[in-house]
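Quick setup: one chain, the form predicted on its own, written in structure tokens, and binding and motion questions come after.
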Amino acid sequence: MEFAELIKTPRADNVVLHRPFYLAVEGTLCLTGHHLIFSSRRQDNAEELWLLHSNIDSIEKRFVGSLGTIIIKCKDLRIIQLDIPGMEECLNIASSIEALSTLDSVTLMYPFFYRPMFEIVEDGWRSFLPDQEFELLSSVTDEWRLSCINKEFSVCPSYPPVVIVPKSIDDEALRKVAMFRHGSRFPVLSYYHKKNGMVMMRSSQPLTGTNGRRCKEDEKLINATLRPGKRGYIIDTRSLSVAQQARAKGGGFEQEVHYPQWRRIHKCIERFNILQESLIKLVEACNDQSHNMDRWLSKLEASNWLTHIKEILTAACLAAQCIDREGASVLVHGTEGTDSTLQVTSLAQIILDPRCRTIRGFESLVVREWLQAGHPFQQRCAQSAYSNGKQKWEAPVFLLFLDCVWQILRQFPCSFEFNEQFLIMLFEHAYASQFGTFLGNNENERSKLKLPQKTMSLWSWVNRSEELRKFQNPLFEANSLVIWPSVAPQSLQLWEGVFLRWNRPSKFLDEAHEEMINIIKYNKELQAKVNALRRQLAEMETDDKM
């Protein structure tokens, strides 16, 4: 298919662009296969807007006489308005944008056509391989091994080719366990706690069904993670009633009689359409211009967004507490083990492991616990808060995770090497990007699409020194301790940087941030002078003694 076939009117002049807090600008609108490009004609202040079609969530058309207006609502939550003279031109442009922003084939998306203008110093596709992770693990324990059982994605289609499992469990046993777990997602290592040797594993639900089916290999596998005489905790991210209902469909949970050394705790975390509805309500509340306090607070509460944040953080803190304070190993799962499970395992690691609070450590966490672990980004991020078509699989699971990280970052502003902009950038690229990193639903699909050969990795761009500067937290001081966030309702706040950034001017926030960086820079200069003077003084005292 040629993109030209979908573009009925490639260019329109005298178009007026409206955005909140900016003056209206007149210019030319151009449509290409992947971008909507607006450029102003003003000599004194030439302005350009490049918008990826894949970032467009929905469009609305309005007409007053022959003047047409297109309102474009984006997946990154901004709203822009284009006034286009001529009804036919406006209709043509609107239908072209609709067609180009809803392309069915992944291979027609921009990452397959994007050619970087920067020098590639690092191949991001090879930056965080399982072998490197295993090397770090091997330096502290020899109880685990790399299994290539899933080499051709033949055992579990949503797992990576290589996984870390207990050394005492062979591949034959793993095959049997895979048949006993939903989607064949058998328990694999998620995190090893160096301080006490406890571990966190993740999987999907066991297929116990109504007649209480069991699998001795499964019992042996998860018991292999226990120390003699110690108990473990299974954190099930479903309510007890949902887990019990799952048995009727062939699923279920680990029964005490077969797992006597494990205590099961249910921590209900919502999923799918409930989360999508929550995002839609929250964004609607944030865009409400009525300036009525009661209305704003009741809409914010009705969205339940902060309740979801609290539920996820509470479960993550529980997992971290079991490992660090109780000295117990943990297994986390829900139904599939691709959504709430990953929120809990990755947030628990941010609480426990200082490496995950560095830029590269966090990137590695996203690769390991989200991309390689099979979170279906293509399905979950297909639509954002403005889409009219409701499909079954969309849910802001990754955005909720990033919001939880921001809540912890806000409570511990000096413990993270990265800043809020880094998290916002990841949110934007998960929904629409020129990079191939978040395409596909698992490693199997990415391999079939040949993404490492045909597209550029987000990490190749982010990890260049000129980009990294934008994402560094000027307050960062390495903190090797476990950090315990407060999950009290009073401690949780609306993430304004995502949900209000298009609804308020950012000038003063930018100035304040600039001032903070200057103060920290000046402080470092003064500290260097103090150190130099101390050295001078010490030298003079030594000379006097001689």
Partner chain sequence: MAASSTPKYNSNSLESSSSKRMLKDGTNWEQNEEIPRLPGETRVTDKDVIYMCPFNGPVKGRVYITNYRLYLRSVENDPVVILNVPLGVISRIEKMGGASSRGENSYGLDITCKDMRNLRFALKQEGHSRRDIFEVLTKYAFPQSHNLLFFAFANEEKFSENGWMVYNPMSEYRRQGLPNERWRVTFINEHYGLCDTYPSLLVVPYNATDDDLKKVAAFRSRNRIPVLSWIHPETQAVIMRCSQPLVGMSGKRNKDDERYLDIIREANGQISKLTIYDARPNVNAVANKATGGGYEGEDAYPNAELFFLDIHNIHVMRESLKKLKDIVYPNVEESHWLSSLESTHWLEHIKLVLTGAIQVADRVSSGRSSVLVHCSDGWDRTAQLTSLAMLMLDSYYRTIEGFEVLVQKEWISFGHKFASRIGHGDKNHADADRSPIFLQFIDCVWQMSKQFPTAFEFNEQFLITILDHLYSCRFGTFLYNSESLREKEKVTEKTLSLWSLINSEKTKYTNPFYTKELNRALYPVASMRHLELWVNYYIRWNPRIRQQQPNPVEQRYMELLALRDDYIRRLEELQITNNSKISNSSTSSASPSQMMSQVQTHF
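Residue numbers count along the first chain shown, from 1. Bear in mind that the values here come from a model prediction, so they are computed numbers and not experimental data. Definition used throughout: the rigid core is the maximal C-alpha set that superposes within 1.5 Å between two forms.
Not pictured, yet referred to below: the form predicted in complex with the partner chain.
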Even though the partner chain is not shown here, does it sit in the predicted complex so that 322, 488 and 519 each have a heavy atom within 4.5 Å?
yes
Sole residue of 263, 175, 167, 213 within 4.5 Å of the partner chain in the predicted complex, by heavy atom
263
Can you pick out, from 80, 381, 318, 365, the residue that has a heavy atom within 4.5 Å of the partner chain in the predicted complex?
318
Determine which one of 27-35, 66-74, 478-486, 48-56 lies within 4.5 Å of the partner chain in the predicted complex, judging by heavy atom distances; exactly one does.
478-486
Even though the partner chain is not shown here, does residue 62 get within 4.5 Å of it in the predicted complex, heavy atoms only?
no
Since only the chain is shown here, I'm wondering whether residue 530 would be in contact with the partner chain in the predicted complex (any heavy atom pair within 4.5 Å).
yes
Quick one: is residue 541 in contact with the partner chain in the predicted complex, heavy atoms, 4.5 Å cut-off?
yes
Residue 310: heavy atom within 4.5 Å of the partner chain in the predicted complex?
yes
What residues, if any, in 402-418 have a non-hydrogen atom within 4.5 angstroms of the partner chain in the predicted complex?
411, 412, 413, 414
Threshold 2 Å Cα movement between this form and the one not shown at residue 13, rigid core reference:
no
With both forms fit on the core, has residue 526 moved 2 Å or more by CA between this form and the one not shown?
yes
Once the two forms are fit on the core, has residue 538 moved its CA by at least 2 Å between this form and the one not shown?
yes
Have a look at residue 531 and residue 415: in the predicted complex, are their Cα atoms closer together or farther apart than in this form, given the change is 3 Å or more?
farther
